[in-house]
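Next comes just one chain, in structure tokens: the form predicted on its own.
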């Protein structure tokens, strides 16, 4: 069963990590290292079963390969999940034990923050391995990636506006923003700075109140966000919100947001295309965070990071061109762009066994 899944999706390596004393149960999945070492965050979640955790890490690691390839990065795709409740199960021992497993891979996998993990947790991981990104600035890290993800999302939005309406004037249009977490609220801030009309919703009332009071947004109910008469629907929370129930209700002409896995399935992606809506593929739009932390491998520079975020505009433009060229929906065009790059660059790369990258400009201490 597991090997059939690996064959189907092309994973290179799956590592099951267990340390009874530390209470660690984790899985590291390395999907593809053709472009470079596998980079992807670690997620901590109280999965209902070990099979659910495995399914999630395999899906997420494959997604990172495509995201990193489309972003033009010289890194492959990987992901890790820790089975546990981030509210109650965290400990120094757990994260240091996990760090030892990351270190044992010798640089084939580089980790970072994801759902349920913060920079403080990464500090413990970093004590056991240098193959960590998103650590505190004192170690040469870049800190919170959310502002970069939001800025990259803005670049994707501008490319989408230009494709659909022929201009990049963000303030001319209205936006239905679903989700006001770290990235969502930063995105709302950027929209407000450009004079846009913004509708917002979130399960957390305090976040909604902040968006209303600080950024002049209009609050709507959790389910009402799909019926808002806005030009752009921006999912910035959970995945799968564009589905058979919500798509008929959406009045937006563009779908562009920071959430992962926005389309419930490929059939929905086909239907979006048939309805004349422009879908900006999520992993191309939300690549700002991984672009930012990837720079830590060579030595972090904020100016260079901001310059890199602006390439998201060009990546989206290229995806739209491939969509037209090949007569396929944009979600398929994004995959095609990633696959073409992996195939071409793969022919130039050394075989597996090449030296792992060493982090530059890092200050390490235990």
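Residue numbers count along the first chain shown, from 1. All values reported here derive from a predicted model rather than from experimental measurement.
In what follows, reference is made to the form predicted together with a small molecule, a form of this protein that is not presented.
The partner is not drawn, yet in the model of the complex one stretch among 171 to 179, 103 to 111, 86 to 94, 125 to 133 has residues with heavy atoms inside 4.5 Å of the small molecule: 171 to 179.
In terms of contact with the small molecule in the model of the complex, the residue from 284, 75, 82, 258 that brings a heavy atom within 4.5 Å is 258. Checking 268, 198, 237, 291 against the small molecule in the model of the complex, a heavy atom within 4.5 Å turns up for just one residue: 237. Residue contact check for residue 207: one or more of its heavy atoms lie within 4.5 Å of the small molecule in the model of the complex. Under a 4.5 angstroms non-hydrogen atom cutoff, the small molecule in the model of the complex has residue 146 among its neighbouring residues. Contact between residue 231 and the small molecule in the model of the complex is not found at the 4.5 Å heavy atom cutoff. At least one heavy atom of residue 222 is located within 4.5 Å of the small molecule in the model of the complex.
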